Ligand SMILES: Cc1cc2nc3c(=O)[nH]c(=O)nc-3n(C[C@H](O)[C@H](O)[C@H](O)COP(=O)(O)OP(=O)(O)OC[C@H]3O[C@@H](n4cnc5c(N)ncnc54)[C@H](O)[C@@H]3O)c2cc1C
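Shown here is one chain on its own, the form predicted on its own, set out as structure tokens.
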Amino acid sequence: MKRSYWVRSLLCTVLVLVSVFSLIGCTAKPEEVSSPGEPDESSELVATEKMTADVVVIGAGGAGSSAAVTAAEAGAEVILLDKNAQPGGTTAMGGGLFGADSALMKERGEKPVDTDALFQDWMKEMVWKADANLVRKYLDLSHTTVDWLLDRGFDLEKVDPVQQTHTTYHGYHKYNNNSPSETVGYFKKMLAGFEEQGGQVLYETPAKGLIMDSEGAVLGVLAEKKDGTTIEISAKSVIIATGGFVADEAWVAETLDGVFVASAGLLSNTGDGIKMAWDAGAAKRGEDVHLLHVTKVPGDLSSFEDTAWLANTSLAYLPITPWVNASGVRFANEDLIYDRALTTNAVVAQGNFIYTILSQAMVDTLEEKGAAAVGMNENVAMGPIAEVAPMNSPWTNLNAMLEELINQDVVFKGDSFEELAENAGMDPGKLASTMAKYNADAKAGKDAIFGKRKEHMVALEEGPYYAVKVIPTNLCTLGGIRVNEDLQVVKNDPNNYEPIPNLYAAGADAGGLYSSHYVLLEGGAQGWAYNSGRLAGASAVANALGKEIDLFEK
């Protein structure tokens, strides 16, 4: 059987007997090659090292590490690749995961989450455009995965929901630390056990392409070491878990109708695995789903090192200020701020940015006393940050920081709403009308348009006024490759989504868990990373060794 090598990369750099070309989907031909289409004869990549494994996993984040460990514990010879110098990926940047049951829940006297009810709510929220079998398997396996992680070196604590709107299902398990670097340490512990079982981890060794035969079956992976050495890894199963494409902001914008969203995820997450799968003929799914997760005020406040966060972060988390779009029209109930995903979705729906409007009196009170003195009656929490917008402590340097941001065209100021609109590029008539209605509703104690709680309807009386630009950010993307219920990557044929032999995907690369948006479940994406990794690892072992693994056996 002849082989062809499909490689998707920006620069295929090999120093030994290699011709280098920066082509998307370049085809490597070390010997006589048979491949579909008409490949460019000049695009060649020659392997200089050869390795073999039962399973190769591309990506050492939550999904990839879980897949590798699952496969190794089942007796497979496993090689785990990552382009970074350490494991964890985007998963290590999160606060915790959803688990339906755990020893920690039992210690607190909590009953397991009703995953039958959660399944129905999930599918209803996704209007049944999600893959029901994937959702079901994820939720069923989530009864065991927290304990599985605890047994492999993770330190977790069961906590009440951090975001106030996520109270229906109480399965949030927080990493017992306040630093992503400590979570990386958990991954290192788990992978130390993986290596003791014979698994190999190759850091700073990005995959460059999939090895395929003339029939379209995946036979392994081409990777490149830090020193430029190319490795040809022959494998019976390959799992793609490269963390999505959040760092490719232009690609993200294409999937969001052109709206620019700043990446808050890993700079290394550029969609490598998704591109490889597509080059291999995989179907697409969920490319437009994102974990739009945090809003912020842009601008450089490095000269205010100790207090910059009060302007860059806290100002974006005030439910007591009205939000308006670039035209000057209010568009949402600002109490959405108690759910980061809802907030960021609402901002993205308006375009590249929105404005939060404050009066000088509000700014002065925040600087002197904190948000409670302005009228905010409930704290906003975010992950390890217990109080995002300080309630009863001064927002030191706020006036000075706003003046600095005015110089950067991030904040605009005006003595009247009309002047404020002129300076910020809004429609003066629309902003004046918006604020007249908002102030009238605030004085009446009722938000007649969007229903914000009356306590947070604070009138903006005398000027001057500030318009503070707020932008959306994206923690990670949530799809791209279509998989079936066994995490097998399937061919791009809607008449029959037949699996591509020997190829699997998990985590943020695998689409199907959502419709067009992230689920309203705290820790949902993190839980999917670990659970989908375990599922993919089990499927890959069944394919490679003919050995079935029952992850659901208690």
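In this text, residue numbers run from 1 along the sequence as written. Quick caveat, the model's predicted, so the values are computed rather than measured.
Form predicted together with the ligand: not shown, discussed below.
Interface residue among 89, 472, 171, 480, judged by heavy atoms within 4.5 Å of the ligand in the predicted bound form: 89. Listed stretches are 423-431, 252-260, 270-278, 409-417; the contact stretch with the ligand in the predicted bound form is 270-278, by a heavy atom cutoff of 4.5 Å. Contact with the ligand in the predicted bound form, defined as a heavy atom within 4.5 Å, is made by none of 77, 199 and 499. For the chain shown alone, residue 239 is not a contact residue for the ligand in the predicted bound form, no non-hydrogen atom being within 4.5 angstroms. For the chain shown alone, residue 99 is not a contact residue for the ligand in the predicted bound form, no non-hydrogen atom being within 4.5 angstroms. At a distance threshold of 4.5 angstroms between non-hydrogen atoms, residue 63 is in contact with the ligand in the predicted bound form.
Put simply, residue 130 is far from the ligand in the predicted bound form: not one heavy atom of it is within 4.5 Å.
Residues of 193-211 lying near the ligand in the predicted bound form, listed in sequence order, are 205, 206, 207, the criterion being any heavy atom within 4.5 Å.
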